[in-house]
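This document contains two forms of one protein chain, each encoded as structure tokens and listed individually as structure 1 and structure 2.
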Structure 1
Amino acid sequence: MNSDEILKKIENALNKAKVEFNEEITEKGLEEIYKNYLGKNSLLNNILRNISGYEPEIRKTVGMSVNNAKIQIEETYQNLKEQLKVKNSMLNRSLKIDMTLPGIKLKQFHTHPITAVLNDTVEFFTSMGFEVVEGPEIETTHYNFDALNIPDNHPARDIWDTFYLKNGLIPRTHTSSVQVRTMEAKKPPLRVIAPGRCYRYESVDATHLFMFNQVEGLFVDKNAKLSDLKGILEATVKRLLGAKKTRFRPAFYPFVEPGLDLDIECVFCHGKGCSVCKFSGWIEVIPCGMVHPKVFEYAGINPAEYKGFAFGMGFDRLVMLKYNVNDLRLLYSGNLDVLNQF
């Protein structure tokens, strides 16, 4: 069976499910339809079960199509389930009203897990004297690339990695652009963090979305040292993630020299090796390094007088690691059954 036939089957299953899921459905019927389309022996799960037998390119296309169909069916199911719950509750109350019963206590709101981790991150860094700064989400290529020593031929500038608008501006791919703007506007010494949304042209899967949240950090002073960077970041992952084992590895990033990656012991397998950590026992958490002299020159700071270090971390990923969430899409689904667990 070729990929077109498989994709057609998936599309037909999704369309049929949307027709069968309707507001006239009963709770029993809702569960039966859900089992037919997302149960163990459903068409979609059978396709995933046999996906290893397809060619790599077909496997990728079919896998994405099945996952998107499952997400849409799951959302429709959850919405109808909530509607039926409210409808039945109202019906039961209307049958008999006891005026002596106490009122129904409304559930208090709670902070979204991404916001909670961001607040914890901001609180931790401000306690060490860091200032929170912000910048525009729509950036120029100068601040997003040029001023960060990212050359014209770098893969990050490619249209398959970065979104480009018709006016030549781009949705920023990282909040490092805020660091450059801050160095231009303020004189060192500097201690700042820049939280915010970023955008990249990436395939949507369990660990990637085209929009994500990131926190960049920058420290500039006359006596800034690599040991300061390592001490701050080790304290960060211990505070935010409860990490017990850490390691630094050499890495290359155009805007730092030397560059490092901070890894923590895998929170899912505790260092034994699993599919999440690619059986290495370690998970990369924070790219970092000493600010490249050319970045200082772009910002008008004398690299012979000042040193600095920078780091960046996606706090969507921190949420996944902190709460053992294995699918990033769950955090953005708006599904109360998921969010109420936090």
Structure 2
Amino acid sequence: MNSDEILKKIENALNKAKVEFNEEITEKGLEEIYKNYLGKNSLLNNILRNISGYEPEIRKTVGMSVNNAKIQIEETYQNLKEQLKVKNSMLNRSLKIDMTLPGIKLKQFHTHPITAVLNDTVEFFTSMGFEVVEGPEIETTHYNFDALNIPDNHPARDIWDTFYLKNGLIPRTHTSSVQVRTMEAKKPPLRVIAPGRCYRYESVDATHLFMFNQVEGLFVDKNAKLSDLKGILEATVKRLLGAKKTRFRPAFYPFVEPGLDLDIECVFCHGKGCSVCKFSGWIEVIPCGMVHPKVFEYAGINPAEYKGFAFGMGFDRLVMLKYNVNDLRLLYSGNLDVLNQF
């Protein structure tokens, strides 16, 4: 065999090996081809083994050509092996994804239930032309009591278990303190709600905290009537709590005359009687009444000219009723396991 023939054979072997490699799709197949072309009994190794039989001048070119072919075959083999490995692992992974399973739920931030109901309340009242006003949480006894017809030394003051601060001010016991402040600041007619925190010296249990939320409402106009109060508050509990049946009962609050409590039929037992409604079938939700003439006088409004009604919703209670929460402390715990359920 002359050198040209040998070189031709080497080139053919290299080309054939490349074609075979590129057509192969299994790791085992690749190994087989590798063995055929670079194994002990392969053509290339046979040529090398017998190289001493060639003329010295062609040994060099043949040797170089074989080595070059071996390197190329080795590289092709290693590359394809690596590619196949990556492809297989991707395939394995995609087989492990069960497309029928529900996706992983992303955590989403949401408003606290109290804030959500408050936003809803504000939206409802503003849609009826009410405006949101605010008053200070640290209040004078004047606005919290005296101006609401609850004089010092009057037993009615005992209704509110009050914290007294050393400086003579108090954390307000109710948002009713905003009533006279608002009437002093704005000229009637008035339609306002005043949401905010209130504080009482209470022993803490499932339905009482020393801090709680109220939303006060005040409506003042020349011909405001009890029927206006009824209409607005009935619409309120219908909208906020889905209440179907309501009733008004007489009640005493020093700053209204007459004073009333609005009850809704128990949303849990539908009037049959259960532990939530203390087996009465009714739940008290909004204390209210017609603004007392004395309160108008304190605010500098002529009670002969103006009438009005007021109400104060214990707001946390509304949230408890709406979401069926039986312990108020849960709402304030900051426990995400609880809050994420809303």
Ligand code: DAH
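Here the structure is a predicted model, which is why all the values come from computation and not from measurement. Under this definition, the rigid core comprises the largest set of C-alpha atoms superposing within 1.5 Å between the forms. Just so we're on the same page, residue numbers count up from 1 along structure 1's sequence.
- Taken from the form predicted alone is structure 1; the remaining one is not.
- Relative to the superposed core, residue 241 undergoes a Cα shift smaller than 2 Å between structures 1 and 2.
- Comparing the forms between structures 1 and 2, the C-alpha position of residue 84 differs by 2 angstroms or more, with the core used for superposition.
- Residue displacement note: residue 132 has its CA displaced by under 2 Å between structures 1 and 2 (rigid core superposed).
- Lined up on the core, residue 153 has its CA atom moved by 3.3 Å between structures 1 and 2.
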